[in-house]
Every structure is written in C-alpha cells, then in structure tokens.
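Below, in structure tokens: the form predicted on its own, a single chain.
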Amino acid sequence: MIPDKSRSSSVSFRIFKDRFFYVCVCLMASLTAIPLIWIIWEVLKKGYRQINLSFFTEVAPTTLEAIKAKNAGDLIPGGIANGITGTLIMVVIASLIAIPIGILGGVYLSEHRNNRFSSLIRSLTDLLQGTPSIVVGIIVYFWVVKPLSSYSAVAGSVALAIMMLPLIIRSTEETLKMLPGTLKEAGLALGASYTSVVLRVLIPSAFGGLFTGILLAVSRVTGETAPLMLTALGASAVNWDITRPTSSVSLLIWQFYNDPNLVDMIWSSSLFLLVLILILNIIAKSVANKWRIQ
C-alpha cells in the first residue's frame, strides 16, 4: 500500500506537470499567432486607404498616373479590375479541370486502397503536393505555352489545376474512408449498380468533406504568383479572351512591387487577396462543421 502522503505528493506533481505543459502550449500558440496578427495589422493599416469603388472597377494605374497623383497629394487612381477578372477566369477554368479529375481520383484511391496502382498514384499525389509552384509553371510553359506560342489564361489555369489536384484527391479519399461501409452495402443490396452507389450515395454523403477540400484548394491557388508569371504573364487591360495573356491579383502585386511609385497599391491588393482567402477558409470551415460525418 502507498502511504497517503506519498500518494498526495504524486497527485500534486501530476497536477503541476499538467498545468505547466498547458501553460507552455498556450505560450507557444500565442508566439505563433503574433507574426500573423502583426502581418494582418500592417496590411489593414496600410491597405485600407486605396479601397474604394474605383479600386474594383478600374484597371491598374500607370507609373505616370501614380506620379501625378502623388505630386498632387491625392490617392493613386485606378484599381485592380484586370487582376480580379483574370483571377476569376483562371480559378474557374482550373476548378472545372481539377474538380472532376480530383474527385474521381479520390474515389478510385478510396475504393482500391491496397492496389499497387493506387499506391503509385498516392505517392505521385504526395510528390506533386510538395512540388514547388515555380516548377509547375516551368512544366506548363513547355506543355501549353510553347505549343500555343502565346501566354494565356488557359496555360495559367492548367498550372493552377495541377496544383489543386493533390489536395482535392487526398481530401476526397480521406472523406470517403470515413463513410460507414454499410452505406455502400445497403445501396448494392437494394439492386443499385456500383456506379450509381458511388455517384448517388457515397459522393452526396461525403459532400461536406469534398466541398471543403475544393474550397481549400481554391484558396491555396488564388494567391499563387510564380506559375502565372510563366504561363499567364499578365495584362494591362481587362481581358476575357482565354487564349491571350491575362493578369491576376497576385501578378499585379508583383508588378506594383517593381514600381516604387505604386507601393501603396501593393498593400490594398494584398488586403483584398487576404480578405478573399479568409472568406473562402471561413466558408470551408462552416461547411465542414455543418456536414461533419457522424
């Protein structure tokens, strides 16, 4: 038998250890949050000045327009309409390419978990997910830009779609793994074909996880710059022709960075991009909580 005094000291030590590690975890979490809070504060402080109606409806200003506005003490005219439309076009096209392929790939990996070919695809997916975005841009440059003899929104969309694929495939696979096996068995027992069970039972049941993975993939590629520099190149005007060079918000930020007279536009464009990605992540989290698999 352990004496009461020893047992009491042992319990007290465990309580102290528990509280000590709890404080350490809270402290480390706070330290990681400090840079994020600082970045958000800097972007808000320096970016809100340029946010107005023209910021969303007009194209990026020229250096001469920026110099005239600065000399007059006014805000820099113009906005990022060409970047917003270009980002929208390329993300939509990339989603149309990546979502069907990613979901079907995830379904295959989920249904054939121990298959040798599935293991190969899973390894290639993990490898692709860790590939630097600039490498993807170089590959798409030789695959699409060179054959078309032109930078274009199509080439940029292909690069973004390649970057979206790994996240969609793995999120689809993991979500389908969480579904109870009796769900598929019940569908097959009722006489439905395997294809019908997958398309009408499994995928709808896993909608929350699939939608969350898609939104996270979209939010990841929305701010990409490196692959678009080698594929979409950029444009000074709003361009709806997907076979011609197209701008994006991230490309405009890079363009503003290279012009000292347009520095103010960097913060405003960054604020817009930050808020857009934040909204996408909030929506993804809300959908995941609402459609959580029990």
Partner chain sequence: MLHIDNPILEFKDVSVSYTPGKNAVNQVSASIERNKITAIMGPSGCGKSTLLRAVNRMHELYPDIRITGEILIDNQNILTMNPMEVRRIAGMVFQRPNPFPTMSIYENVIAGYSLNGIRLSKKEKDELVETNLKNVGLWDEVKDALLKKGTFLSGGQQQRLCIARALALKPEVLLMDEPTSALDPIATNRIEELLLELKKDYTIVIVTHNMGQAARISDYSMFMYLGQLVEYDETQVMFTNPADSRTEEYLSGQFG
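From a predicted model like this one, the values you see are computed outputs, not experimental measurements. Positions refer to the first chain, counted from 1.
Unshown form predicted together with the partner chain; subsequent notes refer to it.
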{"query": "Arg200, heavy atom within 4.5 angstroms of the partner chain in the predicted complex", "finding": "yes"}
{"query": "Interface membership of Gln129, the partner chain in the predicted complex, 4.5 Å heavy atom rule", "finding": "no"}
{"query": "is_contact(Asn71, the partner chain) in the predicted complex, heavy atom dist at most 4.5 Å", "finding": "no"}
{"query": "The partner chain contact in the predicted complex: Ala192, any heavy atom under 4.5 Å", "finding": "yes"}
{"query": "Candidate stretches 214-222, 192-200, 148-156, 165-173, one within 4.5 Å of the partner chain in the predicted complex by heavy atom", "finding": "192-200"}
{"query": "Single option in Leu183, Leu75, Ile139, Ala81 placed near the partner chain in the predicted complex, where near means a heavy atom within 4.5 Å", "finding": "Leu183"}
{"query": "Contact residue in the predicted complex, chosen from Ile93, Leu104, Ile134, Leu188 - any heavy atom within 4.5 Å of the partner chain", "finding": "Leu188"}
